[in-house]
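One chain is shown next in structure tokens, namely the form predicted alone.
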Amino acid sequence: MIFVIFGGTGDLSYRKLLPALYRMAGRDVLDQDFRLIAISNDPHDSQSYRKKVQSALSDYLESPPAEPEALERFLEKAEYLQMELDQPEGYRLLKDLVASCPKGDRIFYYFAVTPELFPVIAEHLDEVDLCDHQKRKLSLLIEKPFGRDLKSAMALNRKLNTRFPEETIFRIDHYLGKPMARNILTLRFANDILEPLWNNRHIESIQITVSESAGVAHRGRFYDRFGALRDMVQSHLLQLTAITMMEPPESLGSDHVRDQKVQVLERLSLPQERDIWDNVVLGQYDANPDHPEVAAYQEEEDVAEDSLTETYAALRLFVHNDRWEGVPVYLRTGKRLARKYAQIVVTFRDTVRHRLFGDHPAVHANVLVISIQPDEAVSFRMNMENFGLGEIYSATRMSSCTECLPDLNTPEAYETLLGEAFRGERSSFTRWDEVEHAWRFVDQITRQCEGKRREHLKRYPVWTDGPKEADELLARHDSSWVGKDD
């Protein structure tokens, strides 16, 4: 197998891909004849690139390489090719390098570059006969964002499909490789106590939060063209929504799972009130006097001084089907927030307690929290009497967490996803129709917001919980956000 990384000196490669491949090699997951070809325009040869890889492994692995022989075996498998990705000359050199690997009958191309380069690379690969699916088993792995809107995504998909059929494309959403995101299907469908309650008769609301404490860093030019809706809601948050709310699939086969996810995505809508701003809050992080060392968004490198790009988004939406009709789904995500975490909160309806406990102020609704990061845990909030103190009740958490198992060595998200791609397992990768319906929904929101964005974009100080208007969005419906430790 040959693994070709276009963008082999980028942040994604050093932080995620190379450490994942090294860990896989250490577990004997990779073929003995595995070869890595890294491509970039940075001035390296194979020897100097291997030193960069060694440094990256020391920096980004939780446990830096301790076995010199294992590290040396991995580094020997890496070759580096310096080339301009939009020039044909380098692709002829790549063809020669591939030909020097006599057992390279399987090639995985990883496009760790901007989407604008996807069709350019595919075209040049085709010109030098490196897209011939008759000669080799070829696969393409690509990162989000897949386009900037539905129109650009459709155009990009058409261009890629001329060289790579849909069944050879693995679209990566790394949240689908996180252990607790993957556990949602098991939690729902392997527990008879939950599935009968997983519907609008028993569930009052669902909240999905992806909170980031970091800013845009060196991604200002990219981020200012996308914003939170296109960068995070269209991918991570809608994928988590689909997995949480999908119908039971016929099997765990990739197409059965993705068929059910599509049915959720195509039934998404905002409430039909006349004003979009009744159900959408967009914000942008601003300076905070308590943290003067942190720049406001408009002061970030490569961000327009008058930018109206949102770094925060909160939505109230619904899924229109028999299972979920009437259950509000609240999504929120933002940068430069107080804490970094991702979680799904399922609040159950209060249907029983009135028989005995009336409106006792200490009795709360049952809540299931699925913590995706940084903790990986499931907790369930139940009402219990404080022992020996009479009729005083408290919310007790029943929890399961991976950090409680110190010997558990769970794979990183990219390690999991690469392993599945190598085995041809596709359920954790987004199919084109999933991308299409997610963009259709987000396009609807962005079109309705554009006219009054300047008026409605809310500023929030860095390292806070975001705009107060997001709290008011839920308060109008007698609800509130469930935070990290609530």
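The first residue of the shown sequence is 1; numbering continues from there. Note that the structure is a prediction, hence the values are computed from the model and not measured.
We do not show the form predicted together with a small molecule, though everything after this point is about it.
When the small molecule is considered in the predicted complex, only one residue from 148, 178, 171, 316 comes within 4.5 Å through any heavy atom, namely 178. With the partner omitted here, the residue from 163, 144, 258, 182 that has a non-hydrogen atom within 4.5 angstroms of the small molecule in the predicted complex is 144. Contact annotation for the candidate site: 156, 430 and 436 all lie away from the small molecule in the predicted complex (no heavy atom within 4.5 Å). In the predicted complex, the small molecule sits within 4.5 Å of a heavy atom belonging to residue 373. Within this chain, residue 340 lines the site of the small molecule in the predicted complex, having a heavy atom no more than 4.5 Å away. The shortest heavy atom separation between residue 212 and the small molecule in the predicted complex is within 4.5 Å. When contacts are judged by a 4.5 Å heavy atom cut-off, residue 381 does not count as touching the small molecule in the predicted complex. Just one listed stretch, out of 225-233, 261-269, 125-133, 190-198, contacts the small molecule in the predicted complex at the 4.5 Å heavy atom level, and that stretch is 225-233.
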